[in-house]
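The data below hold one chain only, encoded as structure tokens and taken in the form predicted on its own.
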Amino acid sequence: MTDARLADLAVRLPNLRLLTDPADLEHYGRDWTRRWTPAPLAIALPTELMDVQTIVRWANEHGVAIVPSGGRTGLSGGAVAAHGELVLSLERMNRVLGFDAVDRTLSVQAGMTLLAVHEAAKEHGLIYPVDFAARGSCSIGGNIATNAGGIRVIRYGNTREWIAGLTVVAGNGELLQLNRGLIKNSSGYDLRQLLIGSEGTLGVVVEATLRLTDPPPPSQVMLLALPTMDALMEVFALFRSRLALQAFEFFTDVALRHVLAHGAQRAIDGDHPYYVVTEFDADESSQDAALAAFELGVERSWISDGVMAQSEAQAAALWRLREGITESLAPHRPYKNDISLRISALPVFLHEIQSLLGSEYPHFEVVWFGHIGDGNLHINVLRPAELSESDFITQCEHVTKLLAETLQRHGGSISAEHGIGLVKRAYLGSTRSEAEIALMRGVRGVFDPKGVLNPGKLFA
């Protein structure tokens, strides 16, 4: 606290919690990427909106960069503070601010975890439908910053579909109330949507008004074993045509091996190269329709085996085979690619990329899984024990460049839901044109003229 800049901040906000202990700097200065050594100036933990505005104005006056921080579950280095930045953690801004039964909206502070939002919505007999495995630790602000998707996108869409309004402190310190919960608002640019997915480079989201909806009908879960990669798309088309799908997720035998080693239970005997977990509405006819689809898939050699959950506990066990993958891989510190394409482009792309990974990563273990229903694939490369971290990353980045070029040819994106951050900024040009990037830089300059918010993220 001997730093004169921090002393000035403490005078302006005497009740602000400021952390400078080395252990705190390390903890708050990194996200799940673990590739950069954290080196923040300090950690600020405000509790009120006006505190955030004061901090951002202070940062502009002193030329201090700010890294907005939520649950730090990101995988692209978007919450890394490695160059003396102030980490602005919103974890203490975690309250429900209000519920409107007529509008069916829930207003919350940005530091609330996704799980806490789910529980708050449930108290009113409704749901906030965005969902994924990190629900217990990720924050709503972080979800908004990356337009998070997850496992229910096929039914409900991404985060941006469920944001009715935002309260934001822009990079210049101005307080913005965006959209105010309106359903229709044709009064110019929708700055709310511009902030969603901006990775903390335009403003700090401090409050959000979330749209809620009715709980889905009872659902049924199936696990399917598939013999080939081509069968993935055939089975997806078959089940989508006959059932009201809520989710359609796939993973490989390599992914299954890791999650079983991590404590999950095998549900289908034998070894199969591909697996699908699908969930669908369980109305009076759905079980018969699902069994008929399964039998047709077997008859056409698209499905090798399968099991339908007979209880909630068994359904949870089947979902664990998919949702437990990321946690099971964490000890291996995988290099991750999070990509997306139009669903119609997937079949040809999958063959190309399988060939590319096989030729470029012959000695690496590659773990595939993802959201076939919305065209989002997660590719995780595991580092061999004998290879240094730096050499491993160098090799992976060479292949990511080739992957980005392949995505560009197919009209895909190098980042589906994890953001660009530090990890993917070199490949932004594969997804966005030079004209688009120039406009994005211009927008950033308007919101944050002194460049204090998350510098170096998204683009250098």
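Keep in mind that this is a model prediction, so the values were computed, not measured. Throughout, we count residues from 1 along the sequence that is shown.
Keep in mind the form predicted together with a small molecule is missing from the figure; the text below concerns it.
A residue is said to contact a partner when one of its heavy atoms sits within 4.5 Å of a partner heavy atom; Y274 fails this definition for the small molecule in the predicted bound form, lying far away.
Taking the partner from elsewhere, H371 is found to have a heavy atom lying within 4.5 Å of the small molecule in the predicted bound form. Using a 4.5 Å cutoff between non-hydrogen atoms, A225 does not count as a contact of the small molecule in the predicted bound form. Although the partner is absent from this view, S198 stays clear of the small molecule in the predicted bound form, with no non-hydrogen atom inside 4.5 angstroms. Only one of 187-195, 92-100, 371-379, 290-298 lies within 4.5 Å of the small molecule in the predicted bound form by heavy atoms, and it is 371-379. With the partner removed from view, the residue among R104, R160, R135, K336 that has a non-hydrogen atom within 4.5 Å of the small molecule in the predicted bound form turns out to be K336. This chain lacks the partner; the member of L75, I144, A255, V87 within 4.5 angstroms of the small molecule in the predicted bound form by a non-hydrogen atom is L75.
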